[in-house]
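Okay, here we've got a single chain as structure tokens, the form predicted on its own, with questions on binding and movement later.
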Amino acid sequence: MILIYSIHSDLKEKIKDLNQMLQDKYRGIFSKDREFLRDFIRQYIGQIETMKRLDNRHLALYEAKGGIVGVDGSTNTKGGAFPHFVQVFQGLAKSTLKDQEPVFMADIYSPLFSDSLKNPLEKDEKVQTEKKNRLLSDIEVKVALESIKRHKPYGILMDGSLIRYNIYSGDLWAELRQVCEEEGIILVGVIKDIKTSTIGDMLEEVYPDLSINAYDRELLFGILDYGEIIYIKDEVSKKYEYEYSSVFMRSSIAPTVIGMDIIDSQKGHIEEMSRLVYTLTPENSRGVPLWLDLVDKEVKISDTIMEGLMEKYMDRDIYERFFIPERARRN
């Protein structure tokens, strides 16, 4: 009992230290009032505007033109340390049109599958993470391509930044982009967890004394009003070199913002797609379009599902020999 108390006491102090460190680090910018940052954004980052929701006539038009497809992927891992694990991947493209069947695809990976055990670099955590990201990205692009072949939608909402597909799915992504451009299918990415630092970098350039090292997500917390959007200038966007245009928006009453990317050849649709995302997002949500949330829930591979798959479709001795780590046997 004394030991538990001492651990809790140490953790309490560590958390206090972290809190103080973050306060010290961001004191310069956090001490500025809200209007200072809003004015800075208007001058250097992009215009702040108020979005209007799409009316039912617009939404009916989308339905008549093929509907909107939401795309997401999921992965889960069973096992222990390298190489005794298996990863499963699932991708889903789901149309807003009820009569169109969703497109599911699945894949599986384990270092035990191949000769990779002979390659010591394969054990590297970075290599494993990149492989996982590539497989997940590939399966999302594949279901998007298949949904186009089957359904010819008006637009596709990908879950996450489009730049991720450049990095992990080069050729497949180039194919998807080309098909969308040729067939006039609007292709966008909706970003729940913004990881860019466009505003912070520009603040440091203009005000070197502020010494900011913060993500846009942190700086924009509570800065936009509900329904406001920032159309990021191409010349300051870090994604423009990858041929994307981007926005930040506050799509719910939560004080956080989300992002949206669109391929630059379709930039003329950026306001329309921003309004669509805003329209599809419940007011009391975390800011994500309801359709993407539904796709996320449907494609998710939970721990329970993963364990059920392994137990049902794998011989028990194989399962225990290769994929049940020692720590799991303690129970």
Partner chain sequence: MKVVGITTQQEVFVGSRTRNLRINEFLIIEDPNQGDLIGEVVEAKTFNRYIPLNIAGDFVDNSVIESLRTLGYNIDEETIFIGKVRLLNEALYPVLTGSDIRLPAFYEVKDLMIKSKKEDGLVIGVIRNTDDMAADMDQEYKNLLNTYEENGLQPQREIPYIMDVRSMHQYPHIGVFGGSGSGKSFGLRVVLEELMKQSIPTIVLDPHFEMDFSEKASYLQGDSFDFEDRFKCLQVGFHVGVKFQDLSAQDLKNLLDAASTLTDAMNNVVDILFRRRDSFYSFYNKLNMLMEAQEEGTVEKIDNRIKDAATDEERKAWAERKELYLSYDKTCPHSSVRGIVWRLKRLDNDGIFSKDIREIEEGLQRGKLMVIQGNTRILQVFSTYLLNNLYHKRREYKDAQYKKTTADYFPPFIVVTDEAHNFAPKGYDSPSKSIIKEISQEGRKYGAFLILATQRPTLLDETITAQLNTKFIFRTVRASDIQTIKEETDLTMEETRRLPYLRTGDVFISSASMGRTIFARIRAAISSSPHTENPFDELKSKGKEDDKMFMEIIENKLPINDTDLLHLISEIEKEFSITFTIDTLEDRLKEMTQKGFLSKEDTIFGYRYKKLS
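Predicted model, so just to flag it, every value in this text is computed and none were measured. Numbering follows the first chain given and starts at 1.
Note that the form predicted together with its partner chain isn't included here; everything after this is about it.
Proximity of 174, 187 and 265 to its partner chain in the predicted bound form is absent: no residue of the three has a non-hydrogen atom within 4.5 angstroms. Only one listed stretch (285 to 293, 265 to 273, 301 to 309, 38 to 46) carries heavy atoms within 4.5 Å of its partner chain in the predicted bound form, and that stretch is 285 to 293. Exactly one listed residue, out of 94, 142, 217, 78, brings a non-hydrogen atom to within 4.5 Å of its partner chain in the predicted bound form: 94.
Within this chain, residue 50 is remote from the site of its partner chain in the predicted bound form, having no heavy atom within 4.5 Å.
In the predicted bound form, its partner chain sits beyond 4.5 Å of every heavy atom of residue 149.
Mapping the unseen interface onto this chain, residue 98 counts among the residues with a heavy atom inside 4.5 Å of its partner chain in the predicted bound form. Its partner chain is not shown here, but in the predicted bound form it comes within 4.5 Å of a heavy atom of residue 297. Heavy atoms closer than or equal to 4.5 Å to its partner chain in the predicted bound form belong, across 51 to 86, to the residues 56, 59, 60, 62, 63, 68, ordered by sequence position.
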